[in-house]
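The chain below stands alone and is given in structure tokens; this is the form predicted on its own.
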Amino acid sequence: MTIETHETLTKDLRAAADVVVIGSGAAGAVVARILAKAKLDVIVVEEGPPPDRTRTSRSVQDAMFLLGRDRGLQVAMGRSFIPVLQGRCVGGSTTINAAIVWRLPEDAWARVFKGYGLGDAVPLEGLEREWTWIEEELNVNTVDRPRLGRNGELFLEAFQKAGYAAEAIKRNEKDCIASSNCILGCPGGKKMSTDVALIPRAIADGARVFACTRVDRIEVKDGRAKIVHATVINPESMARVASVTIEARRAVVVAASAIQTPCILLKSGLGNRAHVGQHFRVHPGTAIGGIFKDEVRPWQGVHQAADSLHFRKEGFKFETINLPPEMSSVRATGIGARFIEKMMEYKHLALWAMHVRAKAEGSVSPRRDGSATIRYTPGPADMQIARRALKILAERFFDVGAESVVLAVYGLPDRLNSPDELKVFDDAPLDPRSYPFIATHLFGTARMGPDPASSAVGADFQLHGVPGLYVADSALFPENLGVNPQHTIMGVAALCARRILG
């Protein structure tokens, strides 16, 4: 597999292709795979480098420095600061995520797409058809019992004991060794992220990949999106290396995420500013821990092994999560001996997370340095749901014998030692600043719709008023899904590619 990088793209370059795809993650890789297989000449432009698993396997710090957006320090600013975790590498966020695969439930499809007049543009039967081949190429399978880890076993036991639906997660991986190192880019290359599963196949069919290449703007010429202007950068120093100008004979596909897609459009002066960069939505998530007498060994088992959609229609879901010690330590309270004492409990820690299908909206805009300004604050109704979800998690921990429940919520004790103390959640603060949220599921900043007055992108996947400029990622989604979005993004991107093929 050959990928051009800053080490080979050392001189200013002019190129041409039938289709230029911006982004190599869940959306961009699927588009490139389909179009290259159909014998179109495709160039994929990716801002980040190819993953170097010999380096990223060393630590979370190394992985985020090389693979993460803004070195893993990207945040949404609002009433609180919420980390927004994204990949910036070949494979995009699929390289550092937990490989969770969820087919969008029919009621969620009806709410998110059909409810906005997009039932024909994004038909459920079309998504199902695309998901079938995608699952084959990504080797999607259900986590088996040996790889659940004790954390996953406890989660399933707790939710089944309460009569709540829960199950082992479907994941895109092959021969996973259950080392809980997904966030490091899977050092063993067992996760079927797009840099492993789809980009190589697109290249085999003739696609070219320009990595370490940041798109600056898209130029409209002769009434169509025609030229992509980009800069080759050194991914470590971020220094400029060369310029790249690519002519798109047929189409430009922006698949750079719900954050970078609107930034590219805004820098290009394209799109309805009432909607491009607006309506930003996320699933705010956070976790609490249970300390057990017996060892849990959270480093054993897959990164995220089990989840529960029992409360999905009420606006939240639950997942297990295994974190490396350096990430777990971020949420440990206390200093000195007290901090060390808590970290000594790490091997007895089970960690479970919740995600809220929040209704609050924010905004995204580009900055001169190539990063983005993200503004977002969960609303009062979202906070009510978050507080309830955390109480349910704490109850489940005690149901399966946790000696204590560890919290990181300002205004609450840092530890609950019995179910009698769960009442503290009833008066827990509703200020977003009190909760250590993180956002990994991002939506809505170039929303799709049939009416240009209320959307940025048409039902034909093209930016309203700009023929030949397609959007293929979760920026299209009018609102939050309520489930992990990777699979839906891939399915929608496949429909976009079919549209380009006619």
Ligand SMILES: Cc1cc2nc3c(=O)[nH]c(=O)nc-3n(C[C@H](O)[C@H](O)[C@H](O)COP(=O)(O)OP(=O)(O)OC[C@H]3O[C@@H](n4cnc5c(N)ncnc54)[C@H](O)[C@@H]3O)c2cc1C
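Don't overthink the numbering: it's just position in the shown sequence, from 1. A quick note: this is a predicted structure, and the numbers were derived from the prediction, not measured.
Another form exists, predicted together with this ligand; not displayed. Remarks below refer to it.
Asker: Just one of 407-415, 198-206, 155-163, 255-263 has heavy atoms within 4.5 Å of this ligand in the predicted complex; which?
Answerer: In short, 255-263.
Asker: So which of 394, 183, 349, 356 reaches within 4.5 angstroms of this ligand in the predicted complex, heavy atom to heavy atom?
Answerer: Partner contact (heavy atom, 4.5 Å) among the options: 183.
Asker: Pick from 151, 308, 268, 86: which has a non-hydrogen atom within 4.5 Å of this ligand in the predicted complex?
Answerer: Partner contact (heavy atom, 4.5 Å) among the options: 86.
Asker: Indicate whether residue 26 is a 4.5 Å heavy atom neighbour of this ligand in the predicted complex.
Answerer: Yes, residue 26 lies within 4.5 Å of this ligand in the predicted complex.
Asker: Is it the case that residue 48, even though its partner is missing from this view, gets within 4.5 Å of this ligand in the predicted complex, heavy atoms only?
Answerer: Residue 48: contacts this ligand in the predicted complex.
Asker: Residue 69: heavy atom within 4.5 Å of this ligand in the predicted complex?
Answerer: Flag for residue 69 set to yes.
Asker: Residue 441 near this ligand in the predicted complex, any heavy atom under 4.5 Å?
Answerer: Yes, residue 441 lies within 4.5 Å of this ligand in the predicted complex.
Asker: Out of 84-106, which residues reach within 4.5 Å of this ligand in the predicted complex, heavy atoms considered?
Answerer: Stretch hits, in order: 85, 86, 87, 88, 89, 91, 92, 93, 94, 96, 97, 98, 99, 100.
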